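Here we start with a single chain on its own, the form predicted on its own, put down as structure tokens.
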């Protein structure tokens, strides 16, 4: 089956126009997200470049060869800006380099009137730009667990196509109107570009959506004031950890810890809520600096915090004592505060974290009732828990 190049050209204009409209609405709907903004700009520039390239069939030379390719390389620069924005990197001036280089080269007749040299240079610039996009995408792979590989595959196909074009496009001009490259290979250039822009537009939409969903998920799992985990995150992580350890032959020993800042209401009343928030943030910094690896820490609400520590009761006691002393010595904005701590160590195989945290709460109550600024370890009653570890 022979593909009609002029029909493909009309299809490409339609696809680019339709995708540009979709991206404009997506950009507005995403609160003017800069990634979508640069992607929309790239599509609009591509639309303009494709239109200018068609003017070759009207006998024009400057607009399709010089202006059209400059606009096309600006479109690649727009994609580069979109990816750099997605990776939270400064834009710089690299997005302009390809277009400036092409404009300078067109000043030389040896390049301007030599189709093979133009095809070679355009392919090399496309390869460089696409390689830069692949590199940026690789740097952001941790934030794209779903869309990373589809995007990588799409970009690699685009890059390899231009590598193949270097060897397959003879750059011999044809009289067929609408030929973007001016040669018989133009039909493949148009077909690949149609598939590429469709795939890339929806891939970038998926990437932005995945990033937004991940940000919302992370926000739902963190305390907005202190940036540590919240109750939901701690319980979910504890459940996953215990289930994972249950598959191991060796029993997993861990400790649940509850922290309660002493007389925190009086701090708010005396110094104000702003300073009270500063104390909460300071306490989180103290705890995170002293917790051992593989520990998990969260704010349950108000001035109450919890942690899951690997290890037995003696190891947990040493960690808690370091936290208690460091809290007592820490005086943010000259505000003295202390913490009461209760903890309970799992004494049964695969003991559920919520149940263990309830036991730690009993120990915390005893610490507060005994004068505060102290540590208490839950000791089970022999008739209820014969395997309890002695304090």
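As the structure is a computational prediction, the values presented were derived from the model and not from experiment. Positions refer to the first chain, counted from 1.
There is another form of this protein, the form predicted together with a small molecule, and it is not shown here; the text below is about that form.
**Q** Though only this chain appears here, would residue 303 touch the small molecule in the predicted complex if you measure heavy atom gaps against 4.5 Å?
**A** Yes, residue 303 sits close enough to the small molecule in the predicted complex that at least one of its heavy atoms falls within 4.5 Å.
**Q** Looking at the partner-bound form in the predicted complex, is residue 282 within 4.5 Å of the small molecule by any heavy atom?
**A** No.
**Q** Whether residue 268 contacts the small molecule in the predicted complex should be assessed with a 4.5 Å heavy atom distance threshold; does it?
**A** The answer is yes: residue 268 has a heavy atom within 4.5 Å of the small molecule.
**Q** Is residue 146 a contact residue for the small molecule in the predicted complex, using a 4.5 Å heavy atom cut-off?
**A** Output for residue 146 is no: heavy atoms all beyond 4.5 Å of the small molecule.
**Q** Which pick from 264, 196, 235, 254 sits with a heavy atom within 4.5 Å of the small molecule in the predicted complex?
**A** Flagged contact: 264.
**Q** Can you pick the one in 216, 244, 250, 273 that has a heavy atom within 4.5 Å of the small molecule in the predicted complex?
**A** The residue from 216, 244, 250, 273 that makes the contact is 273.
**Q** Thinking of 312, 321 and 377 as the candidate spot, does the small molecule come within 4.5 Å of a heavy atom on all of them in the predicted complex?
**A** Judged in the predicted complex, none of 312, 321 and 377 sits within 4.5 Å of the small molecule.
**Q** The small molecule isn't shown here, but in the predicted complex, which of 149 to 157, 273 to 281, 102 to 110, 73 to 81 has heavy atoms within 4.5 Å of it?
**A** Only one stretch qualifies here: 273 to 281.
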